[in-house]
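Given as structure tokens, the chain that follows is alone and in the form predicted on its own.
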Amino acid sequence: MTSEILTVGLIGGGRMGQEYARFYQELPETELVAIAEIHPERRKVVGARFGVEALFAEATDLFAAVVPDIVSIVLPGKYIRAAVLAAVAAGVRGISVDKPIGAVLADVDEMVAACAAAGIVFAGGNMQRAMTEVQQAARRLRAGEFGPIIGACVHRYGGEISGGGCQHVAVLRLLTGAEITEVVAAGAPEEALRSNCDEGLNISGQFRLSNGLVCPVFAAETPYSGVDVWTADALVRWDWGPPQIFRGVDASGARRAIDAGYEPAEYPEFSYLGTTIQSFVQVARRGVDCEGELFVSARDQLLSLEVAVAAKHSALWGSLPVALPLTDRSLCLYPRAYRWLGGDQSGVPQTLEEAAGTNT
């Protein structure tokens, strides 16, 4: 690992942006040098909190003054595309974006293509597939420690299939080492299905995977809420935390939980946000040829969006099987207002005390 320190620009100084800033200041390999934040009072207190003097209202203003090595864009979904394209035009080495990456498939395609054409590492944001334990479980599955994968299922793919549901798809793809090639879905309630937003939409059906498996998707209440992947004698269960591992059965015939023996994260306070950023920084140093090593890539976020769009439209079209990749890139699915517009515009603004880190 080189000792090079990467300069960082942060676009978006809201609640999650402040968590990014905290970690970048904790990480010895990075220096946070500039922040863009539209809210003037928040911009001032966040700058003071993190000791950053280069403060700007917009991404374009920031890039006109300074071109950092890497930039993290932590904005509501509506504003991500413009900030990504501004970062590409500025010539940064790496860009990361928080989730969800967008709403219209064509808009996300444009961002991905622009970064690829410019040779810029394009990373995804704060997702549980980057969690140290999830990554370790996936490596063990790929190495064949538990035998061949013979099944998988998704629990409670609903509520917001583009926002929070992007986690299910990203973890499923990682643990199975497979892509989703077809979606068949039913959706409820009807008013949520007919909306252009994912809020309140619950999906059941199945995903067909590139490894030949058919993965049931449950919207109804089950004891679990994540992703199960199993072999002949083992089960790996991600349920919004470090995956549980079961191997064999006990005297009653029930699965037996084993000590997973995970190695701890370097920065446990920051959980998967920390490992997401660490992966981004390491790959940005080495260049776009190493983009496949990202724990979370922009492509991961695009594929999560694409599956959500396919699920909604399969349900709208009477549970019609929908093949991936989708050919109609004008299709879209908007996340709930807080994710799309941010707290200031959706009725949950952040106080200045919280932004300053003094709200206890």
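No experiment lies behind these values; they were computed from the predicted model shown. One rule holds for the numbers: they count along the sequence shown, beginning at 1.
There is another form of this protein, the form predicted together with a small molecule, and it is not shown here; the text below is about that form.
Checking 218, 230, 262, 79 for any heavy atom within 4.5 Å of the small molecule in the predicted bound form turns up a single hit: 79. Taking a 4.5 Å heavy atom cutoff to the small molecule in the predicted bound form, the contact residue among 39, 329, 299, 313 is 39. For a residue to qualify, one of its non-hydrogen atoms must sit within 4.5 Å of the small molecule in the predicted bound form; none of 182, 305 and 325 qualifies. Using a 4.5 angstroms limit between non-hydrogen atoms, residue 75 touches the small molecule in the predicted bound form. Using a 4.5 Å cutoff between non-hydrogen atoms, residue 275 does not count as a contact of the small molecule in the predicted bound form. Remark: residue 54 does not count among the residues lining the small molecule in the predicted bound form, judged by a heavy atom distance of 4.5 Å or less. Under a 4.5 angstroms non-hydrogen atom cutoff, the small molecule in the predicted bound form lacks residue 155 among its neighbouring residues.
The candidate stretches are 248 to 256, 262 to 270, 95 to 103, 283 to 291, and the one lying within 4.5 Å of the small molecule in the predicted bound form by heavy atoms is 95 to 103.
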